[in-house]
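Below, in C-alpha cells: the form predicted alone, a single chain.
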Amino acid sequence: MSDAILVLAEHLRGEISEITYAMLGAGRNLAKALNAPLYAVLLGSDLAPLAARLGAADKVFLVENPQLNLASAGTAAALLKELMAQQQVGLVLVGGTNVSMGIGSVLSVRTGLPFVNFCKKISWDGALTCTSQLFGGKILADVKLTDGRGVISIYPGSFPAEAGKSEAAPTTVKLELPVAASTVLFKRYIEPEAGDIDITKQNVLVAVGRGIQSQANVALAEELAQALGGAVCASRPVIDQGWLPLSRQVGKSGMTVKPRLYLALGISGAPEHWEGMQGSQLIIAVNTDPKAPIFDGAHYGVCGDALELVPALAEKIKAKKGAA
C-alpha cells in the first residue's frame, strides 16, 4: 500500500466548497490506482456537521480551533506538515482558490516535496502525471511525479464535484495539534451586494463584450437571456465600464463558469476570458471580426452584428415558446 492521499477540505461560512468534492473525486480515483487510503482534513471550528458530508474519504481528521477559520498559508501548512508525518501522507491536494491560495507552495517548501500548481488533469500510468495550466491557459505542461509524492493545487472547475459526493458516514478523528501564533488573522467576511445572481450555477449564459458598444445595449442581452431561461455575464471591459457588477465577470480575474450554453456576443476571445468559460458544453460566438480568437474555440460562430441578431433571435425564441 502506498502512502496516504490527503485532501485539505475547504469550507466557508458553514458550507463545504464545491472544489472539496472535486478534490475528493480526483483523490478517490488516485487512491484506487495507488492502493492508498484517502484522507480529508478540516481546519476551523464547528467541524462535525461539515465532516459528515465528506463520506468519499476513508477518514476525516478534525483540527478544532477558531484561529484556523481562513487560516494563513503559513499556519495551515505547519499543521498539514505535522499531520503528514503522523499519518504517513505522501500526496496532498489543495484548492487553487482565494481561500486556499498559497498553502500548497508553502507546504512544498517546508516538506521538500514537489509542487504542481493550476492542475487540471491527473492520471496514473506507473507515474503520477499532472497537467498544469500555465500563462492563462496558453501552455499546458505535463509534470510527472515518479514516486507519486507531492503537493498539488487543483484548478477550480477541472474535476467533477459529483464524483466526490457520498452519503456514507466517514470515520472522524479529532486531533490536538499545536497552532502557532500568526501575524495574519482572519477578522471578518464582507458579504457581496445582495440581490445579484450566481453565474457559476447558471445553465445558460449570455455573455457580452465591448462589441455591444454601450450600456443601453445590455438590455438586449438581458431580454435574450430571459427568453432562454438564463442570465447575462460579461468580459472584463464591460465590467470595467461599470455596465454590470463585478459578480458577472467571467475570466481569469472573474468567475469560472461551465454552463450548458455560453452565447458570446461581441467578445473577441482573449485568453484571460477564454480561461473562465472554456469548459462550457456548447459555445456560440457572434462577432463582426471573422478573425476574432473566440471563433477558434467556439462550437458555432456567426460573423455578424450582435446588435442586429439578438433582438431577432429573442423574438423567435419567445414566439416558439408561445406556440408551444
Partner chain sequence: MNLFVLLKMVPDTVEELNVAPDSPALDAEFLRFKLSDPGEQALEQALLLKEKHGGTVTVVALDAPEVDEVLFTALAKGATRAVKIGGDWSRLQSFAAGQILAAFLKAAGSALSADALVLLRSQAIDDLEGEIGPYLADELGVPYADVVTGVTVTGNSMSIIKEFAGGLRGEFTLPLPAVLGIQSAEKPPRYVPIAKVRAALKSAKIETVDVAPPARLARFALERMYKPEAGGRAQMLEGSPEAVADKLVEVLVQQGLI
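Residue numbers count along the first chain shown, from 1. We call the rigid core the largest set of C-alpha positions that still match within 1.5 Å between the two forms. Remember, predicted model here, so these are calculated numbers, not experimental data.
Another form exists, predicted together with its partner chain; not displayed. Remarks below refer to it.
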Identify which of S123, S166, S105, T172 has a heavy atom within 4.5 Å of its partner chain in the predicted bound form; exactly one of them does. S105
Would you mind picking the one in E176, D198, D142, E162 that has a heavy atom within 4.5 Å of its partner chain in the predicted bound form? D142
Heavy atoms within 4.5 Å of its partner chain in the predicted bound form: does R260 have any? yes
Would G25 sit within 4.5 Å of its partner chain in the predicted bound form, counting heavy atoms only? no
Answer for K291 alone: is it within 4.5 Å of its partner chain in the predicted bound form, judged on heavy atom distances? yes
Q213 within 4.5 Å of its partner chain in the predicted bound form, heavy atoms: no
Mind telling me which stretch in 44 to 52, 294 to 302, 25 to 33, 57 to 65 gets its heavy atoms within 4.5 Å of its partner chain in the predicted bound form? 294 to 302
Let me know which residues along 106 to 124 have a heavy atom within 4.5 Å of its partner chain in the predicted bound form, or say none if there are none. V106, S108, V109, R110, G112, L113, P114, F115, V116, N117, F118
For G269, does the CA position differ by 2 Å or more between this form and the one not shown when the superposition is done on the rigid core? yes
Superpose on the rigid core, then tell me if the C-alpha of V143 is displaced by 2 angstroms or more between this form and the one not shown. no
Look at G209 and decide if its Cα position differs by 2 Å or more between this form and the one not shown after superposing on the rigid core. yes
Cα distance between N117 and R236, which in the predicted bound form differs by 3 Å or more from this form, closer or farther: closer
Mind checking the CA-CA distance of E18 and S247 in the predicted bound form? It differs by 3 Å or more from this form, so is it closer or farther? farther
